Structures are given as structure tokens and as C-alpha cells.
Ligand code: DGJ
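Below sits a lone chain in C-alpha cells, taken as the form predicted alone.
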Amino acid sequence: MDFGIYYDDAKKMFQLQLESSSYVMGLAGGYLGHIFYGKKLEDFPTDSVFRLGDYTYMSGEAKDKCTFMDGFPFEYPTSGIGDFRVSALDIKNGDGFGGAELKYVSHEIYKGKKSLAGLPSTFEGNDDAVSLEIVLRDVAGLIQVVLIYTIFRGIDAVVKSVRVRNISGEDMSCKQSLHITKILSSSVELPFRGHDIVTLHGSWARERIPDRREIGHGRVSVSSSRGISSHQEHPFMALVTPDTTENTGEVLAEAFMYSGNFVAETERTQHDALRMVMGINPYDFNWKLEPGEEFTAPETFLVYSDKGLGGMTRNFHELIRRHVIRSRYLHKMRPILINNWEATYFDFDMDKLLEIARQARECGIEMLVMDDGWFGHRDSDNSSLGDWKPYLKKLPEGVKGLCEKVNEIGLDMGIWFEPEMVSPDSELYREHPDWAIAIPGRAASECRSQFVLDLTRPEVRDYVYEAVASVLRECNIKYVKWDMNRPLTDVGSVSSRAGELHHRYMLGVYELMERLVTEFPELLLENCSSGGARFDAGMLYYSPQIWCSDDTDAMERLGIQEGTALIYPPSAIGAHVSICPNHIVGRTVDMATRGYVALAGTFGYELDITRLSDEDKASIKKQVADYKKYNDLVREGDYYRITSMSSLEQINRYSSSVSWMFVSKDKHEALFTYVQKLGGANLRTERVRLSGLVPDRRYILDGGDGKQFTGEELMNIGFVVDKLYGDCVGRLYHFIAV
């Protein structure tokens, strides 16, 4: 079968045919069960995979229904009806009793892809898309559940979502309010074959560290209840066969297109099956659904690879580049910017910024970004959030005057906002203390001397939007860094029901960003949350890049950027060259190496250029030239991890290198980056096997001695890198097909 979605009425089965994989579901007694997601099938399987002979209930003996419910591989499992494994949907009726038993009603297969109201969602783009909606109904006539699937030609990924509707009263039953206490977007089952589980963990300044471990019986979960996708855990989970390496083994992985609370959970059951679920965290979630009302869950991306973790990564990258990021900057070289944060922190004025701009222009930098401290009376992080008016002591001619002078120098202008927050010491808070999220009757906790604005309220959203938009309307601002620097606590509101605020807040954030990119379509928006606490596919729908981490040390960034690139394309990873010794870890790294690491992202600078030596300024000019030479390849090419920082695959325990490649889609050129973390005595040069090339094609090293290499040699025998002296040093190698 070719690419598409098929239904076999005789077998009562659905089959989603992707590039090199198949996703199969089937009906048994009206129940929708998951059959298979893996290597591509050319035909429908038999229904024997359901093992219906194990259940006397399916032979008409209703006395054994509970055993069936606790063993059948439900495509969308519910609680309260005998399935004691991890559920995807928990719902309570008007009396507070739980339970839902879903049976098939109908389905529709159609070309294209529908958007989700109020939520970021994948779009069709330039690829063929086919979608499937399966309608299930509770046998008690309370709810209707629509499972939504979309596939895109050329990508081994299934996009999933769920819509739940209160249908009580529509078929003569009594109308009643329902409460959704858990609604996940996806569930998938597979036999346990010794799988390991891969997740990403971290903290501030050390985000997205890969963690691979064995799966025992019971449940393994990662989650966030912080109101953001978080530094600590990440909305991603992968199941990998024991033989999985970078290039071999089977991987079934899932990521969530959402920026708030999430849960990803895998259960190894009593019968050695694996059930993996993902969606909104049920913590503090209780959504009231009146008769006729619907709730739509965010999308998840389910990816399959039989080419190891590298294949998984490239599937995610293609899906996100082609069907998530909408920005017109997606296929454009981003402006090379210099941000004044690590250069000045709060201690700056107009003269200082203009001097940075002048010297940056001489080095080929294209944009000045004014970070925190330009508004209210903000000389530290203790005041003024919410008062988005220029601080005239620093900017006597306002933001507009500064912007005009920066433009006269020849640079574009960018600016930092933290629109979701308010300082207790601010005009806004003194006028509207009730606009901050707090439990009525309880004093809210400060974090970083700030509270979170209640974006569930339309008047608060309107104020926030106009505060940001008024600055952009007045000034020639080309770039906005949107920051969010604390978690949600004391979650209460005068306008939102308990249990609904977390999700309604996230819908408010999405509404604001949608308004912003609609009114200012030329704007380059970069998201940030104390660095990388909200680096997720939901944010990428609005901004083509996200600040990866507040840790800008190049050696630390090797691991942070590698973990991030496990899922997200490097073109979305905010990465800058910063000053040394580094302000967080105190390490000094070779200037060239700092540039190599930043080239594997959006590229820019985070330093006071007015204090650099002539030698470092010359290095910046060289880095700017490298960026312009290689960015098309980095932005559009396929990414390969070669030697790794992570514990996912220990390629060579004696190696002290980290390396990666970008290969053009036509395999005509490749950029190989090699970084030596630590030098050593009496070591031979390292021979590194490359990836992604054409075996029988010949390649020449740009700037080399003219020697030609076959792709076969470079991938199977390896490339001998230069012998390097010292710690934290690296090289770029550019190969071009002859």
C-alpha cells in the first residue's frame, strides 16, 4: 500500500501507511484496539493479534468482562470500567462517579489537516497530508470522543489529538455537567522486548540531559506541574530496543506540542506489554464540561525509526521544520545579533549601547538587542515588570530615539520583554493587585521578586498585548525576545474555576503570541523562559527559535545543545558566543571553539565587544564569515551526531571529543565539527567515522590539500582529524562532492 490511510471493512481495521512504517488499529466487539506501530507492512494483519481467545467475554460470557477490560490493548484507554493500567481519559458525571466505556460509532478519512482552535497545531504545508477521525461514544450516552490522526508524506510520524464532547441529553438521557479530571492526547501499546526508556531531565542552566535506563514492571513517568514545560523534565519519551545505537535499533518516541503542564508515562504491565501515554498533566486539572461543550487536547507527535536514535531525530526535525514552524524566517539566514545582557546586565545607558552597536557593526554584526533594564525604574530584577515604558534615566530619548540612532549606525534593533509577569514594586501592581495569580484569601509567593499575571482574564491579556504592541508600533523593532522567568504557584483566580487555570493560562499565552505574529508578520520572535524552560513544539509554532539555556559556556552547551537537538532542529536553537571566563561556570574556552558551538544554532553574541582585544574582534569577523558560508547547510541540512556527550551510546570510552555533522539534502556537501574537550599525553590522532554521505561519491576537503575521499571511506574507515593541542579546542571540516 502506498502512502495514505486505509480502512478494511471486512477486517474492521485501520492502517496508516507512512514513509517506512505502519500504524494499525482494529475493532473487536465495538472496542477500538491498538495493533501495531513499526516497520512498514504491505497488507493488513489478521485479527489474531488481539488474542481474543484469551477472553471468554468475547465469546459471549459477560461474567468475564473485567478480565477483558484489563487486558485488551485499547487505543484510547479510560478508567473506571475495569482497565487498571494507566489511562488516557478520566471523567466524572454530575454525581462525581467516574467511568467511561467507549465504543466505535463512525470514522472519516480526508485529505489535508485541520487546525485546533486556540492551540498550536501542525499544518499541511507543501506535503501531502491525510487525516483520520474516529468517533467513539460512551455506552452510557454521556460523552463522545473523537480521535484525530494526521500523517504527512515523507515523514515517519503520526500526529494525534483528541476531542471530547458532552452529549448528555442528546439521546433522551439526562443532561448533566461532566468533569474531565484527566485527558491525554495519545496512548500506544507494544510488546515488551527488553526495551529501554529514554527521557530528558535537567535544571536551570543544564537543560535536556538524555537519560537512558531499563524498564521494570510498573510505571515510569516524567512530568511538569510548574505551568511550563520546564527545565527539570521534558515533554518527550522514547522506547528503544536493547540494540539501539545512534544508527541501529528500533525507536518509538513521542513529543508534545504544548508549553504547560504535561505528563509522559510508560507502564510495563503484568503481561509484559508496554503502554505509553502523553498529554496534559492531570495534576490540578478539573475541566467542567457543560452539555454540548467540547474540550480539545493538544497534539502529540509519535515517531518511529528502525535506524536508531539518529533516524528518530531526523524524523522529528523534518516534522517540525515542515509542519510546525510557520515563521517566514524558517528558511532565511537569521540576523547576527549582539545582546547586551552578559555585557552590561542592568548597568547601561544609551551611550553604552550605541558604542556596542558601533563596534559590532565594524565586525559584521547586524543587530543590537537591548535586554532587561530598559523600562520603568529597573536597575535590578526587583521592580518595574509590567511598566513597559522607557526608563528615561537610561534612555532620555526613549526606545524610539535609541532605535533611530542604532539604525543610523547600520544595525537593526531588537528588544526584550517579560510580558507575563508583574513586579510588586510597579505601577501596574499598585493599581491592579488582583491581576496577579493568587489563591483568594492566601498571599501569593514571590519568585525572583515577581508575580504571574492572570492571563485567563481578557482585560489582562489586552493590557499585556497593548503594552508590547505599542512599543513595536512606535519603533523600528525587528526582533523580540519574549521571556518568562518563574513557575506558576498559588494557582488561583477570581475568573477561572479551580482545576482550569493552568490550561486557560496557556491558552491565554498562545492567544497573545498569535496576535503578535499576526499584527507584526515581519517580526523575528524568540521565546525564552529562564533560558530553556519552555523549549517545546508549542512555542516553535509562534517563534522559529528559542533561547536554549542561560548557560552560554561552550563546553556546557555541547551537551545542552545535543540533548535539545535530539528532538528539535538546530536552526531553532538559540546559541551565542559569550565572554570568557564564562559568567556561570568560570571556564575559559578558545574563541574559535566558542564560535564552532554557536554555529550549530542560531548564532550571535552575548558579550561587551567594546572590551575585546583586536585579536578577538578579528575572530568575530572570521566567525561572521563562517556563519554566512555555512548557515544554509546548518539550517536546511540533515543533522548527525557523530561522537556524543550523552550516555545514550558510549561510542569510545577513551575519546574526549564531541562531534557532529550537517549534510545537505542532495548529499553534495557536509560540515563536520570536531571539539576536543580535554587534551592528553601520548595520544594518537582520532579516526572518526562520518555519516550521511553517498558511499560511491567522492568528496574533497574544502581548503585542504586536494585529496579526495570516497563517502564509503569516510563512513566506514573514518576521517583522521587534526591533532589538537590543549583543552576546549576544535576544528571545522567542510566536505564538497567532486
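Just count from 1 along the sequence shown to find any residue number. Quick caveat: nothing in here was measured; it's all calculated off a predicted structure.
The form predicted in complex with this ligand is left out here; the points below concern that form.
When this ligand is placed as it is in the predicted complex, are 371, 531 and 547 each within 4.5 Å of it, taking any non-hydrogen atom of the residue? Every residue of the spot touches this ligand in the predicted complex.
Is there any non-hydrogen atom of residue 656 lying within 4.5 Å of this ligand in the predicted complex? Looking in the predicted complex, residue contacts with this ligand do not include residue 656, since no heavy atom lies within 4.5 Å.
So in the predicted complex, is this ligand close enough to residue 646 to count as touching (4.5 Å, heavy atoms)? Answer no; every heavy atom of residue 646 is more than 4.5 Å from this ligand in the predicted complex.
Contact with this ligand in the predicted complex for residue 479, defined as at least one heavy atom pair within 4.5 Å: yes or no? No.
Check whether residue 448 has any heavy atom within 4.5 Å of a heavy atom of this ligand in the predicted complex, and answer yes or no. Looking in the predicted complex, residue contacts with this ligand include residue 448, since a heavy atom lies within 4.5 Å.
Hey, of 420-428, 547-555, 255-263, 220-228, which bit sits against this ligand in the predicted complex at 4.5 Å between non-hydrogen atoms? Of the options given, it is 547-555.
Which pick from 176, 383, 269, 485 sits with a heavy atom within 4.5 Å of this ligand in the predicted complex? None of the others qualify; the residue that does is 485.
Listed residue (152, 416, 72, 435) with a non-hydrogen atom within 4.5 angstroms of this ligand in the predicted complex: Selected residue: 416.
Pull the contact list for 321-346: residues with a heavy atom within 4.5 Å of this ligand in the predicted complex, in sequence order. Only 341 sits within 4.5 Å of the partner.
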